[in-house]
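Shown below, as structure tokens, is a lone chain in the form predicted on its own; questions about how it binds or moves come after it.
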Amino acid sequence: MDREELRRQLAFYKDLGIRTLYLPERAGQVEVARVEEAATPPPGPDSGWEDAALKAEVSVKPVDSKMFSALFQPDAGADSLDRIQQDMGDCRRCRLCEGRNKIVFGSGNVGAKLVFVGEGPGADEDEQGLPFVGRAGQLLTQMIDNTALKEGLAVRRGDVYICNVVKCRPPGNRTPEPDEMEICGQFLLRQLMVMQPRAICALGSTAAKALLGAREGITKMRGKWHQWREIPVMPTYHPSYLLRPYNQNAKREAWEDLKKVLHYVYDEPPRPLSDF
């Protein structure tokens, strides 16, 4: 990473209100020293580091990589969904802003025990500013409501929280690019850290990749519990995939996945994860 790219990254973290960057210990002291050096302006009037606040307020600390999977760790105790949305503002941090109509932050019960994470907004979501309101969203609502009803659980879509990895619609509903996922993923990370749900349901391979760094396809990951910062994660198929008429087996598998998630989160008394 060259100096200008590093400066851009630091400015981005500053926009988010981050004042401390954490690097895994495996990066080594050499890497930490490089960042500290880059964060300190070289002498001379043409250094290109005119932003004194950026230079003064960002520090770098090495931490245990097992404790932190991301580059930075906001103070979750001082964070909130309202603050995250305020920090996002009229976000122009990546190219997805160029074609969007509305930012789709998330919706549902802000105190939910269960969070669904999808890929990104589609045309209907971009128009309304709400996640999963198109055909795929209607199917997701039916999946949640009908599965809970059949399983005797008093849960409906309004009881959960739903958001996406990226908050702006990718052109033509294409898969988000890695840099777009990285930038928007910082807001997702903060949302999940604030909410601390009992479980997360990752809808599709993009969500699984963003949360778990997965390289496997969703067909191999689904139906099995994984973890994101000690929170259980169940990957399953994205509802848009289930809308295709030739995916009848996938519908049955997604139903089984959702049953596991709903029972783990909402059974009373709670049962251990190993039961599912």
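Keep in mind that this is a model prediction, so the values were computed, not measured. The numbering used is simple: start at 1 and walk along the sequence shown.
The following text describes the form predicted in complex with uracil, which does not appear among the structures shown.
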_Within 4.5 Å, heavy atoms only: does residue 108 come near uracil in the predicted complex?_
no
*Using the partner position in the predicted complex, report whether residue 238 sits within 4.5 Å of uracil, counting heavy atoms only.*
yes
*Answer yes if any heavy atom of residue 116 is within 4.5 Å of a heavy atom of uracil in the predicted complex; otherwise answer no.*
no
_Touches uracil in the predicted complex: residue 122 (any heavy atom, 4.5 Å)_ = yes
*Any idea which of 182-190, 129-137, 144-152, 90-98 reaches within 4.5 Å of uracil in the predicted complex, heavy atoms considered?*
129-137
*Going through 180-213 from first to last, which residues have a non-hydrogen atom within 4.5 Å of uracil in the predicted complex?*
none
